[in-house]
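Encoded as structure tokens, the following chain is the form predicted on its own, with no partner shown.
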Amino acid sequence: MSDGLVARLKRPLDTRADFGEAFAGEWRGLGAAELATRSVRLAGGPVPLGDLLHISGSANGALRLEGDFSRADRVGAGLASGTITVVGQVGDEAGLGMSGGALIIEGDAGRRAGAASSGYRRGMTGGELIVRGSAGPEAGASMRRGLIAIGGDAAEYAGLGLIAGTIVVFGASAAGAGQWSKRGSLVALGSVTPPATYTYACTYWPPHVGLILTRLRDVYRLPVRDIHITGRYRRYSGDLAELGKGEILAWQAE
């Protein structure tokens, strides 16, 4: 069976590049030559993906991006199916508005990973965004459905305006986590301080969290411990400045 497509940067990016059109929608059946014709936007205008990347392999719904993509914004934006793996870090707005498939980032992600596109009220509507490193501010902003897992720390305002879906943060969650959330869950395995507009509800064992964490461990090999699955969580309800039907679940180490 083919391992899928591999795309390697031909040279380091010397300016920011917008990959928002490169993998949006259905791309799983595209071969290397077809994928190379998709557009990337640079400061001087659009260029074919093949001008920046050497693409090889066979289409099977999987793509591996290799090189320094720290200046690449909107990687995986609009992703609807298939699996894209980035070996290293990416720029801002990775997985912006994705609706399906899986985007796996082996390093850090910049601002607004999995968030809503400019002018849109909804962010991710499906799929799984896995960031093994840390994520910049506003990860999952206005997220509607799907799953975001952050293996490191989450910067300010993770889950800002969360509508639904689940965000799991393994490291520390900075200030403003879950601010203005309407529904949805932010699961904090590290330190978190809920906003003042959240209220403590109870401490309990949430079975749905165990199912999510088991999948993250078994499928994506994230560092889930047994005690994360069987342990108790402090549940905070909020944001009471909005519908108040969201929650922050803070794992209790003891």
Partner chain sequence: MKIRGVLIEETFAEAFTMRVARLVITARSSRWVREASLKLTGFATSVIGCKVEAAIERELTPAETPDGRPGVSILVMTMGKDDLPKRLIERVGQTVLTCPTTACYDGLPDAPDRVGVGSALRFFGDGFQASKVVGGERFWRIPVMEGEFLVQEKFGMIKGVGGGNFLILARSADAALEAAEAAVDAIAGHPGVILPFPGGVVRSGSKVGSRRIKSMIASTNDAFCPTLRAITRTALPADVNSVLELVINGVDVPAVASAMKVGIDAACRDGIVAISAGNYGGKLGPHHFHLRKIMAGDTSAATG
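Small disclaimer: the values here were computed from a predicted structure and weren't measured. Numbering follows the first chain given and starts at 1.
This next part talks about the form predicted together with the partner chain, which is not shown.
Each of Arg145, His208 and Thr230 near the partner chain in the predicted complex, meaning some heavy atom within 4.5 Å?
All three within 4.5 Å in the predicted complex.
Could you tell me which of 184-192, 50-58, 32-40, 65-73 sits within 4.5 Å of the partner chain in the predicted complex, going by non-hydrogen atoms?
Looking at the partner contacts, the answer comes out as 184-192.
Under a 4.5 angstroms heavy atom criterion, identify the one residue in Gly161, Gly165, Gly136, Gly91 near the partner chain in the predicted complex.
Selected residue: Gly165.
Looking at the partner-bound form in the predicted complex, is Arg235 within 4.5 Å of the partner chain by any heavy atom?
The answer is yes: Arg235 has a heavy atom within 4.5 Å of the partner chain.
Within a 4.5 Å heavy atom cut-off, is Thr197 in contact with the partner chain in the predicted complex?
Outside the cut-off, so no.
Would Arg28 sit within 4.5 Å of the partner chain in the predicted complex, counting heavy atoms only?
It does not: once the partner chain is placed as it appears in the predicted complex, Arg28 has no heavy atom within 4.5 Å of it.
So, in the predicted complex, is Ile212 in contact with the partner chain at a 4.5 angstroms heavy atom limit?
Ile212: yes, in contact with the partner chain in the predicted complex.
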